[in-house]
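There is one chain below, alone, in structure tokens, taken in the form predicted on its own.
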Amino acid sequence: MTTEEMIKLNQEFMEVLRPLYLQLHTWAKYKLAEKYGQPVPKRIPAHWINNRWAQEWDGLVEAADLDPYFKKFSPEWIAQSSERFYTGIGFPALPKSFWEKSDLYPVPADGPRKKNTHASAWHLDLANDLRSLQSIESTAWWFNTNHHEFGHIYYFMAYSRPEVPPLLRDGANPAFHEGFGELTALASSQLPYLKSLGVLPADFQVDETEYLLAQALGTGVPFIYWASGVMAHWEADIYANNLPPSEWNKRWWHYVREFQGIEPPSERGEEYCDAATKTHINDTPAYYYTYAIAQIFKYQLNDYIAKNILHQPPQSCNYADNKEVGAFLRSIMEKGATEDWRKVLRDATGEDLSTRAMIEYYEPLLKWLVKENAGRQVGW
């Protein structure tokens, strides 16, 4: 895709999801203003959100906090649960070398070495040398993150076969890799799955709308305006349009204000380069749009699996131990990069890349938000 095509695609994501985002933004700024005892602002101050870049707005829905339920499980159990997710749906166990060579758990603060704690997955020889770098702790976030990274690992394994030449042992496009990670994380967050593992008690009850709200705020909707908006547009300006360095920080905050409805706590001058605080800018540039595409992709696959294989609601389904789900995923994963990604997606789901499934997933939430925000100033 050309720069123009990529930007246009990401613009379309934001345009279609904008009604939902504006309602979420409005709900969140009223919630945060109440929490901090401040007047309701037009844009949300960046330091009100507990993520440095406001890409995820976690922690605003107390009823959906599942961390207490993970405290009884060890980090090792969390890692092994992700392997069991895949073996349960028909994939092979991870090779012994994965467990021997990976670096999955935190190092002691007073230990002899430091490590990068940004979770990642690695396919070192395009064959059997699979590894992951993480710092798994007993939290819901690490449970979902570990499932995400194992989505990468199992994608590596699926296309590492004689029929796929080493140069094509990759995702159908980079977003497919992130998409399988995100799909696995989404599946791991479903309440029926957590009950089947014994993480949640069988009689656990949570308001379905509040849980959907927590999902939307976490790894769902605001992320699109960060990835498709700020990241994609700023990097296009830098790399494709040669924006002079004297304007980098100003342009960065212009996009944060315009796309996210977020503002800095105080003015930021050109002596700073706030964009470079982001890992994917300072060491993996011009990649983040793939995460935006992956978000759209994951809802499409989840929608297909829930409706056509499980016959369960997409917002509350359980992939565990369903071999048909595994066969469906493998049919996509094992192709690697041997076919055009558009064809792969169309063959698997019967539709092109579309926000349809994501919009339908959050449709009940949008109706609730419109009622909650009645009489409030929506947007900025």
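Position 1 is the first residue in the sequence shown; the rest follow in order. What you see is a predicted model; the values in this text were computed from it and never measured.
Not on display, but discussed next: the form predicted in complex with ligand X8Z.
> Using a 4.5 Å heavy atom cut-off, which residue among Tyr211, Phe223, Tyr193, Trp253 comes into contact with ligand X8Z in the model of the complex?
The option sitting close enough to the partner is Phe223.
> Could you tell me which one of Arg131, His152, His233, Arg169 places a heavy atom within 4.5 Å of ligand X8Z in the model of the complex?
Answer to the contact question: His152.
> Does each of Gln55, His118 and Lys278 have at least one heavy atom within 4.5 Å of ligand X8Z in the model of the complex?
The answer is yes: all three residues contact the partner (heavy atom, 4.5 Å cut-off).
> Classify Tyr289 as contacting or not contacting ligand X8Z in the model of the complex by the rule of any non-hydrogen atom within 4.5 angstroms, answering yes or no.
Taking the distances in the model of the complex, the answer for Tyr289 is no, it never comes within 4.5 Å of ligand X8Z.
> I'd like to know whether His123 contacts ligand X8Z in the model of the complex, with contact meaning heavy atoms within 4.5 angstroms.
Result no; His123 lies far from ligand X8Z in the model of the complex.
> For the chain seen here without its partner, which of 80-88, 142-150, 104-112, 296-304 has a heavy atom within 4.5 Å of ligand X8Z in the model of the complex?
Partner-contacting stretch among the options: 142-150.
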